[in-house]
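Encoded as structure tokens, the following chain is the form predicted on its own, with no partner shown.
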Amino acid sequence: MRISVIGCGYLGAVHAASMASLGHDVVGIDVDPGKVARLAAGTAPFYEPGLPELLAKVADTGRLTFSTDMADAAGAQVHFLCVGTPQQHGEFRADLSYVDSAFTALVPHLAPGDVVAGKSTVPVGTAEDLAARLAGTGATLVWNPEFLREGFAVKDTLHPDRLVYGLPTEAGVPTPEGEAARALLDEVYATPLSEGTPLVVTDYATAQLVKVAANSFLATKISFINAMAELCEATGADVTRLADAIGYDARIGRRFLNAGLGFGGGCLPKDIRAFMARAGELGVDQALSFLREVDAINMRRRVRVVDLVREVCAGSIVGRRVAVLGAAFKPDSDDVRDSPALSVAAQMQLQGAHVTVTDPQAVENARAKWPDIKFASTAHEAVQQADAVVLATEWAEYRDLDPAEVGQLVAHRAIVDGRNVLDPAAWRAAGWTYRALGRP
């Protein structure tokens, strides 16, 4: 099939390359000429494991091209809308300007029978509005939410854990246009469907709610264990052992019960805030009022890490040298959007500490956001003569650091484990003061 992918960021670039690897002819459209040039040259414009190899794999097939001209999307049977929906400045609502502009630019190039498949995370009701704008074009809108995890995006695209189609319906039944659109999506996803990937076929509203509901559940689970960490600190309990114990309950499970700095990135924080805003617009804000506390707990963890650093620095971080290991919001990514690690580093810098940040992949992105912070290329460089070390992003190379070796480089052996991934006994045996969230 011929496919267009509108928007070539984290979602769109991976989707375009993955669809080409499945045998489709794909054109990726983006307004950023620099990004398009890099992708056309087979270079990923951001760090995502497996993407460079995937781009190299399809480079010689001729099945993947990139362009800044929306007219090049003409002739595609399915058009995937993959543009960003960031949080509006000063508000909780999602900024739909990128969706609107991309959709407006695409409509003149649609032909009867085309399918526009929305993958962007949008407030419920957006699909219905966009579908109305297709009237008279003969094209059909479906909503096909994405469930990618940064660091695993290629795997999640080629081997998804589920597929969701939101189709136009009448009385709960897909319309003939909806059934035709489903047949085209089935052809697009023929390979994962043949592997047994579960498929949920539903209406527009449900399909739009799936992603934000899933992200809200995950955020709630993370903030729950972080709330327990606050209680553990007040009682002397150990939140990691608590998580192990309750995680054996099959109804709860151990995943996402890791207390620490909390969540960040370009999805969970802005998605739960946009969800709350949309609920308010719909008059059901009380249904999601608990998400305000989920968000508040998450933000408190960042403040608490700064407090722990102050404690290990004898009550003051003014003039103290602090090394922060990690800048990305999670390992295996260079994404610094709403990064807890950078938030902690910036708070300490503003409070008078001399902060040095390092990260295997995200230093340049972090420097662009916080140019006044000092950055280092390696952990060993960052910790030189440090009064305190903060593990803020759980990259494997930071988890595997030798406490005795690192101890030879610092001014004072004090570490705050912001992700609860280090072995306290090993670090204490090497003479370190070890502190972590929710642990004695």
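If you're wondering where the values come from, they're calculated on a predicted model, not measured in any experiment. Residue positions are given as counts along the sequence shown, with the first one as 1.
Unshown form predicted together with a small molecule; subsequent notes refer to it.
In the predicted complex, the small molecule sits beyond 4.5 Å of every heavy atom of Asp114. Using a 4.5 angstroms limit between non-hydrogen atoms, Arg93 is distant from the small molecule in the predicted complex. By the criterion of a heavy atom within 4.5 Å, Pro123 is excluded from the residues contacting the small molecule in the predicted complex. Within this chain, Cys82 is remote from the site of the small molecule in the predicted complex, having no heavy atom within 4.5 Å. This chain lacks the partner; the member of His159, Arg292, Arg300, Arg149 within 4.5 angstroms of the small molecule in the predicted complex by a non-hydrogen atom is Arg149.
Interface residue among Val99, Ile317, Cys267, Cys232 relative to the small molecule in the predicted complex, by the heavy atom within 4.5 Å criterion: Cys267. With the partner omitted here, the stretch from 179 to 187, 124 to 132, 258 to 266, 279 to 287 that lies within 4.5 Å of the small molecule by heavy atoms in the predicted complex is 258 to 266.
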